[in-house]
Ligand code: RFL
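In the block that follows, a single chain appears as structure tokens, in the form predicted on its own.
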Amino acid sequence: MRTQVAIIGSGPSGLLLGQLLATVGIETILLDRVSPEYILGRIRAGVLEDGAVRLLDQAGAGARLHAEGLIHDGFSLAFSGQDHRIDLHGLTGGKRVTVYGQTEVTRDLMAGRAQSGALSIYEAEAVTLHDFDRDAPYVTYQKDGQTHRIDCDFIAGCDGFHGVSRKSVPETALRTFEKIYPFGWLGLLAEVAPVSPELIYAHHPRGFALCSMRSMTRSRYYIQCSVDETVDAWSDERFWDELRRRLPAHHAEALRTAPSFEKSIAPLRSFVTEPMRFGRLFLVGDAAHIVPPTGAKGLNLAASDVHYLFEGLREQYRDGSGAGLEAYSAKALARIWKAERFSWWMTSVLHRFPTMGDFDQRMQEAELAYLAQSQAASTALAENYVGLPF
């Protein structure tokens, strides 16, 4: 087989790239080691910046998002028993975010790819990338006991942190940066109305908490926990009791509970690899970077990576110019590091660290009080939260 761009990984970044390339007539084949059902069974966050929404519209995958997504003009910072609302819309000149689950984004993109007739190969084993440092790269894989080969012009590695794409690059060609946080998020999904129509980010001496939602009848709640905790140690009752302790009294009283249908613990880390281009291989999304979920940047950073790579590939095929592809890594990393800074800052301000003393606690409280009292500080927070331009 031959194609112009081989895409490794069928999460949102790989599917979005494939759909955007299809709109300008660039052929792709998509490979994934797991099944579509497995991919759609993964629970992920879903706070989308305007830029990500625009890309989904450009890819022809935004109809259901606009019909079912929840537009949020702000969110609440809760601390010292009080709420302080960050007015995203007012502070950023009309920008906002859309709450729409990543699973639903993936479902919409899968449906669009199926409708386009573009080839997707799932449950592909032993995927191997070849000669991406030369002019004629190719990918091999095994399926149904047979070995297959895909010749291509370029390879897009959209296969996540544990995927084959980054692992195919010689270690000497990579520089990696990583921070491991000493806690995780225990998350719970329940079919119950959210406690608030907007997200609540809560700072408390017992630890961080987040009140979010997937719809007006499905809620997603998180509490900070030790990395040594296990899900089995947390009954629903214990979770709801702890969440109430970390919320201001009026939210705790308004909280409605229901049996959970998903519960998991996610460790927090920051990770960046440089560069993101190796000859004709380009790393995209989680294959190149991870952010803590505190700033809601993971999916949005993957979308901006896709934007830069799509523009470079379109320029290559339309104009015969490789300038956009040459600039891909530098452009993507410039935005990535700003988002890493923001996610690190939000994580540092809102969480309780094991080594914190009374002085550190007071510094967090002073930072939050400054945010509540300073329009300039609130504006900086809002600008980063809705997403820096790309």
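Worth saying up front: this structure is predicted, and the values here are computed from it rather than measured. Just count from 1 along the sequence shown to find any residue number.
Beyond what is shown, the protein has a form predicted together with the ligand; the following relates to that form.
Segments offered: 62-70, 32-40, 322-330, 356-364. Contacting the ligand in the model of the complex at heavy atom distances within 4.5 Å is 32-40. Contact annotation: G9 falls within 4.5 Å of the ligand in the model of the complex, judged by heavy atom distances. With a 4.5 Å cutoff on heavy atoms, V47 counts as touching the ligand in the model of the complex. Interface residue remark: G163 is counted as part of the site for the ligand in the model of the complex, having a heavy atom within 4.5 Å. In the model of the complex, the ligand stays beyond 4.5 Å of every heavy atom belonging to F310. Interface residue among A266, V169, A118, A193 relative to the ligand in the model of the complex, by the heavy atom within 4.5 Å criterion: A266. Distance criterion of 4.5 Å from any heavy atom to the ligand in the model of the complex singles out V127 from the list C152, V127, C225, A78. Taking the ligand as positioned in the model of the complex, the residues of 291-328 that bring a heavy atom within 4.5 Å of it are, in sequence order, P293, A296, K297, G298, L299, N300, A302.
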